[in-house]
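One chain comes next, on its own, written out as structure tokens in the form predicted on its own.
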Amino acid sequence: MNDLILHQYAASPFSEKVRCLLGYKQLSYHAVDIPVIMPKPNLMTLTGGYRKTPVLQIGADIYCDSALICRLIDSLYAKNSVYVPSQMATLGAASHWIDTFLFKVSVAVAFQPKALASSDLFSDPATAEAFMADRADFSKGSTALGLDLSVALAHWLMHMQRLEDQLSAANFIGGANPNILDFSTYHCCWFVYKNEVLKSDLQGFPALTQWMERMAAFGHGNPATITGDTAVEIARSNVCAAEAKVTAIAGEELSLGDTVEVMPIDYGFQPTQGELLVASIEELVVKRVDPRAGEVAVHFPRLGFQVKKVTE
């Protein structure tokens, strides 16, 4: 069963990265609109605690983190692949830098005072307070998202100018055709420049502007909205497809069936606990049983995540 279910919300930048890829691949899929802030009961039922957005579901298999989601989509629908086999180390390192450091910079730029002044989210004091409290809890114990605008803006403008220079000579960062760096970079630029107050800042970057228009033209594919309750029922009525396999990495003491916790290493320190089903050089999969969803397999990439054996 390859029916894709994307758990997302409209303003989520990492969701936009995946939506854009789905558009490029011209795929049909189901979409679940999740709340912007907690509580997210249906999502937590499926992930067991992981709360970053988006999450992709295929039956009873739940895929966390946009990097893993994009690789999965590309492997299932390989036509017009955005991964060049001979460049995987370069693409992996560069896209991770974009999804972490450049995203951190983009958050500071997107949430600068003049942008917040025109934001619907921050126009209502109660809504703004709830959002800020939610994000404070989300990033508790981490400094991965905090960066002063005075520091971030110089980094942002430097990279925008580099993109401008490169895109003046090619339609995409990947050259004649887009690769994963285009989709990772696009979601950061979209996050900043979708704000009308900041959109005028693009005037100094005409090639970047045209590239963003080319990326936006891919659209979002053909989504059909379903409810979170329906997605949970789909998980319950299916069987996990992940095949059990544990390949120990040097220094790790993990065995098939161990009770483990998996969570990000940057922020969002809400662990998913369950039975270790897969541990490879690229992926971690935890099997868990939920009263509503039944048995599900929750997939995480190795890069950017940590796994810890739980001892009684």
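A residue's number is simply how far along the shown sequence it sits, counting from 1. No experiment lies behind these values; they were computed from the predicted model shown.
Quick note: we don't show the form predicted together with a small molecule, though the next part is all about it.
Undergrad: With the partner left out here, check for me: in the predicted complex, does some heavy atom of residue 36 sit within 4.5 Å of the small molecule?
TA: It does: once the small molecule is placed as it appears in the predicted complex, residue 36 has a heavy atom within 4.5 Å of it.
Undergrad: Can any non-hydrogen atom of residue 61 be found within 4.5 angstroms of the small molecule in the predicted complex?
TA: The answer is no: residue 61 has no heavy atom within 4.5 Å of the small molecule.
Undergrad: So, in the predicted complex, is residue 24 in contact with the small molecule at a 4.5 angstroms heavy atom limit?
TA: Residue 24 lies outside the contact set for the small molecule.
Undergrad: Taking the small molecule as it sits in the predicted complex, is residue 52 near enough to touch it, meaning that at least one heavy atom pair lies within 4.5 angstroms?
TA: Yes, residue 52 sits close enough to the small molecule in the predicted complex that at least one of its heavy atoms falls within 4.5 Å.
Undergrad: Consider the chain as shown here, without its partner, and state which of 277, 67, 262, 31 has a heavy atom within 4.5 Å of the small molecule in the predicted complex.
TA: Selected option: 67.
Undergrad: Among 149 to 157, 229 to 237, 131 to 139, 212 to 220, mark the stretch whose residues have heavy atoms within 4.5 Å of the small molecule in the predicted complex.
TA: It is the stretch 131 to 139.
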